[in-house]
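Given next, in structure tokens, is a single chain: the form predicted alone.
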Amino acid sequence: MQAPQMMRQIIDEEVTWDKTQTIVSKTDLYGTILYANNIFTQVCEYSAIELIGEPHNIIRHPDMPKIAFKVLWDALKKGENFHAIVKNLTRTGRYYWVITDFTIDKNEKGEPCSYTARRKAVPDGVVKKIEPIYKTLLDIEKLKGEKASELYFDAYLKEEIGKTYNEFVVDLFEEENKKEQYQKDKTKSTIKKGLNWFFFGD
């Protein structure tokens, strides 16, 4: 059974997990969890049995602005694969940051039937850049409402970034990941493999 956020004490502490692993979940078209792999259950601190049948927002962190999820769902409903940077909430109230690659699963008729999400840890540089933006959006939501937050976000992306949210997320991740990989003395050929390699391996 879902533990409501109001029942969880929010702890400003990152959960410890193996950041080389990929968190995988599958939901129906309404966001109900159908499948969660072992690393997902380990990181979010719920068992698979507890997760199955629950809405995916069981792990939504209160620091996340609602507009980020609206952009996500709008894209998926249009049949567009999507990437998002998300701060998630664990059962004990701790957090973890991930970049998510969403894909749309289709049935034999070619109709969308579910969504699969693959998540990886993000470099600290990504968090440092995205966190202030999310805080601004959240503050606007609290004071002016979700519509005002949406209007500001649209204008911010257009005027200051010049990209869609999906493009912004992918470029930000790849830029910071390259910096981190260089610091770890990785080869340029490995770095240039990009998100496809990151989520799916060689």
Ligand SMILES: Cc1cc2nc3c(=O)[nH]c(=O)nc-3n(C[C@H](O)[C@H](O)[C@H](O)COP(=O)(O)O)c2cc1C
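All values reported here derive from a predicted model rather than from experimental measurement. In case it trips you up, residue 1 is the first one in the sequence shown, and so on.
What follows is about the form predicted in complex with the ligand, which we do not show.
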{"query": "Interface residue in the predicted bound form among A36, V43, I59, L172, criterion: non-hydrogen atom within 4.5 angstroms of the ligand", "finding": "I59"}
{"query": "L72, L76 and V86 each touching the ligand in the predicted bound form (heavy atom, 4.5 Å)", "finding": "yes"}
{"query": "Close approach of F82 to the ligand in the predicted bound form, 4.5 Å, heavy atom", "finding": "no"}
{"query": "Non-hydrogen atom contact A117 with the ligand in the predicted bound form at 4.5 angstroms", "finding": "yes"}
{"query": "Residue contact check: T164 to the ligand in the predicted bound form, 4.5 Å heavy atom", "finding": "no"}
{"query": "Residue contact check: T136 to the ligand in the predicted bound form, 4.5 Å heavy atom", "finding": "no"}
{"query": "Listed range touching the ligand, judged in the predicted bound form by heavy atoms within 4.5 Å, from 45 to 53, 154 to 162, 172 to 180, 59 to 67", "finding": "59 to 67"}
